[in-house]
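First, one chain by itself: the form predicted on its own, in structure tokens.
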């Protein structure tokens, strides 16, 4: 592995109650969808948490469209959209998403849901509450092991943004390492090496709950407002790929479906029974 020189959940308010939601009503043009397979590039967190496994059969039942997805880092997911390899992307790096749309490769960005990032580390070490700056500076000053995804994912982009915001030269820490892998594998690597890492809360809860993994790391920093993790969905622009068959009708059907009150309410409840808290918080219709 390449080395580089280098307590309380954020208070969220569930805005969608199941009792307030009606049935999903397909858009008038959904009946004209002739290609009933929708291909998506998405992040590892929507896959690792099981969210898409939950939503896929419901989407098929409501629309007759089969969702097929590839889970990669956000950077790679956006690249797949830009090359026309998929019909739609569901990712979590707003600035990169907006660049994707501005380039013409994506049609329009719609916020879908959010959760938050946390810093996890060895259980015996200090905890920092929501004092993210002190946490990251302690890791750097103590030259403590830190495992970064290092894969241009949404989590990796967010992590690098935080080091920069606090003017910390993370690369000068000889114990700063890159896994080059997804979130689940990075958490496992950090646990094996008793290192720190930054993860989205949804993947953390699903990994921590898995008894077979026996994760010993604990949350050491959470709740800082700059740890918000927003997800957006974007249809790939068929006019950008005139020589490639992009299933824009199915992409639009998925966007309308996942942003509907019914599905937003399902997202709000996802994970509550198993983990005691939701893994994602719906916020379609906002400007996030």
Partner chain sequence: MENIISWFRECFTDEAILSAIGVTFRMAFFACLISSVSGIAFGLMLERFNFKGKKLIIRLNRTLMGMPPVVAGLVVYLLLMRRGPLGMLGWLFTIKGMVMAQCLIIVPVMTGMVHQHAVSKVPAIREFCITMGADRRQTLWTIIKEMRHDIYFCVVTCFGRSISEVGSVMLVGGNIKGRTRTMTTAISLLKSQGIFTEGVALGLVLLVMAFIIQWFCDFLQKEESADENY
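Predicted model only: the values in this text are computed from it and were never measured. Residue numbers count along the first chain shown, from 1.
Absent from the display: the form predicted together with its partner chain. The rest refers to it.
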| property | result |
| --- | --- |
| Listed residue that, although its partner chain is not shown, lies within 4.5 Å of it in the model of the complex (heavy atoms), from 130, 98, 216, 169 | 216 |
| Option touching its partner chain, based on a heavy atom within 4.5 Å in the model of the complex, out of 82, 118, 158, 189 | 189 |
| Contact test in the model of the complex: residue 107 vs its partner chain, heavy atoms, 4.5 Å | no |
| Exercise: residue 194 in contact with its partner chain in the model of the complex, heavy atom 4.5 Å | yes |
| Partner contact for residue 181 in the model of the complex: its partner chain, 4.5 angstroms, heavy atom | yes |
| Residue contact check: residue 123 to its partner chain in the model of the complex, 4.5 Å heavy atom | no |
| One stretch from 160-168, 202-210, 145-153, 109-117 that, in the model of the complex, holds residues within 4.5 Å of its partner chain by heavy atom | 145-153 |
